[in-house]
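Take a look at this one chain, the form predicted on its own, written out in C-alpha cells.
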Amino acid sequence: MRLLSNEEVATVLDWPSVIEELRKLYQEVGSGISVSTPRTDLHHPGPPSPDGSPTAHYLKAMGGGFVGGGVAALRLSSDRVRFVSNPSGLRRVKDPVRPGRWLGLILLFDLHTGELVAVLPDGVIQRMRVGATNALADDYLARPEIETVAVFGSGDQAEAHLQALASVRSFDRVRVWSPTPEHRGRFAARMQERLERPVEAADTPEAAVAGADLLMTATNSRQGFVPVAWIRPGLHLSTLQRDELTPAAIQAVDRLVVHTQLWEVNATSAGLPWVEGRLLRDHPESASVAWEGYPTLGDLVAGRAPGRQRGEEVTAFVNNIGLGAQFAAVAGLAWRRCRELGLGRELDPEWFLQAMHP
C-alpha cells in the first residue's frame, strides 16, 4: 500500500498514456462493464469570508471502477466556496482550507482483494482526467484539420485541456480570453512556450472566437455566456462544465454529446446562503436541457453513437459532471507506474483493516 504525492504522480503520467487509458475505460463504460455512482454534493453554510461575503462548505464524493485496470476509486473533496461577480457574470471560487492548501483525496482499491492499495491527492489527477476526457471527446467530434483554437479561461483546467488537445490534434494558433488581462497575458506566454506555436491574449471574447475551429471553455462561470452568434458551420465546442453554454447555443448544435446521463445528488442545508438571487451551491441554476436525451462519451467510444459525420456540422461535448471511474483509471495508472519505480511512501495496510465485520 502506498501514499503518493502530486509530485510523484506528475512524474509518471503523460498526456498520451492518460488519454489512451481513458479510451479503454470509456469502451467499458459504454458497454456497461465499468460503472460509477452519481456524485454526491453536501452543502452547508460557512462563516463569512474576511471581506464579509457569504461562504459555503462543499463535501463531495464520487466512486467508480475500471474493470480493465483491476481497481475502484473513491474521490473525496472538502472545499470552502464563495461566489464572485465580475463583468462576465457569476463565478465560483474555492478558497484554501489552509493558506495555499486545498483538500482532495483519492482512495484506490483492488477489485480482486478489496484492499486499499493507495492514498493520493487529487490535484494532478483531477486536472489530467478532465483535460484528457475532453480531448478524447474532441478526437471523435472535432474536424481533422484545425487551424485556430479559442480558449475561454486562463487557469489550470484551461492549460490542461489545451495540452491534452495537442496530443490528439495539430493546430496552428491559440487565442485566449479571460476577464483579467494579466491572467490571460501570463497564460498566453506560458502556453506559447510549452506548445511551441503562437498563443495570443485576445482583448475581447469576440476577438478570441472569431474564425475559430474549436472553442474550448474552461471557466468557473455559473451562468451561460456562449451565445448562438459565435457558432458557425464546422465549429466544435468543448466545455469543461455544464453552465457555460446558453440554451440558444445548445439548440444551435447539430451533434451534442454529454459526458454522462447521471446527475449529482444534492443534499443542501436550509441555512445555505443566497448570492444575487442564487443559492450558494455548486450548480445554482437548473440545467436548460435534459442530458438524458443525448448520447454519452461512453456511447461514442464504444461505437454505440456516431462522431462527426460532416465537415460543416456543429458539434459539442459538454462535460456535465465527472465520473468516479475516471479517478480509478488515471489513479490506477499512476499507482502501477509508481509501484514499478518504487515511488511513494509504503504504509502498513493493517492500519486500515479491522478484526470486526463492519
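Everything quoted here is computed from the prediction, not taken from an experiment. Take the two forms, superpose them, and find the largest set of C-alpha atoms that agree within 1.5 Å; that set is the rigid core. The first residue of the shown sequence is 1; numbering continues from there.
Note that the form predicted together with another copy of the chain isn't included here; everything after this is about it.
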Exercise. Does at least one non-hydrogen atom of A302 fall within 4.5 angstroms of another copy of the chain in the predicted complex?
Worked result: no
Exercise. Would D139 sit within 4.5 Å of another copy of the chain in the predicted complex, counting heavy atoms only?
Worked result: no
Exercise. Could you tell me if E350 has a non-hydrogen atom within 4.5 Å of another copy of the chain in the predicted complex?
Worked result: yes
For this session: Indicate whether P247 is a 4.5 Å heavy atom neighbour of another copy of the chain in the predicted complex.
Result: no
Exercise. Based on heavy atom distances of at most 4.5 Å to another copy of the chain in the predicted complex, which listed stretch, 291-299, 329-337, 25-33, 307-315, is the contact stretch?
Worked result: 25-33
Exercise. Among the candidate residues R190, R173, R143, K94, which is the single one with a non-hydrogen atom no more than 4.5 Å from another copy of the chain in the predicted complex?
Worked result: K94
Exercise. From the list A202, A72, L235, V226, which entry has a heavy atom within 4.5 Å of another copy of the chain in the predicted complex?
Worked result: A72
Exercise. Another copy of the chain in the predicted complex: within 4.5 Å of a heavy atom of each of R194, E206 and D243?
Worked result: no
Problem set entry | Contact set, 32-64 vs another copy of the chain in the predicted complex - heavy atom within 4.5 angstroms | G32, I33, S34, V35, S36, T37, P38, T40, D41, L42, H43, H44, P45, G46, P47, H57, L59, A61, G63, G64
For this session: Kindly check if the Cα atom of E159 is displaced 2 angstroms or more between the shown form and the other one relative to the superposed rigid core.
Result: no
Problem set entry | Core-superposed C-alpha of V97 shifting 2 Å or more between the shown form and the other one | yes
For this session: Using a superposition on the rigid core, decide whether the Cα position of D79 changes by 2 angstroms or more between the shown form and the other one.
Result: yes
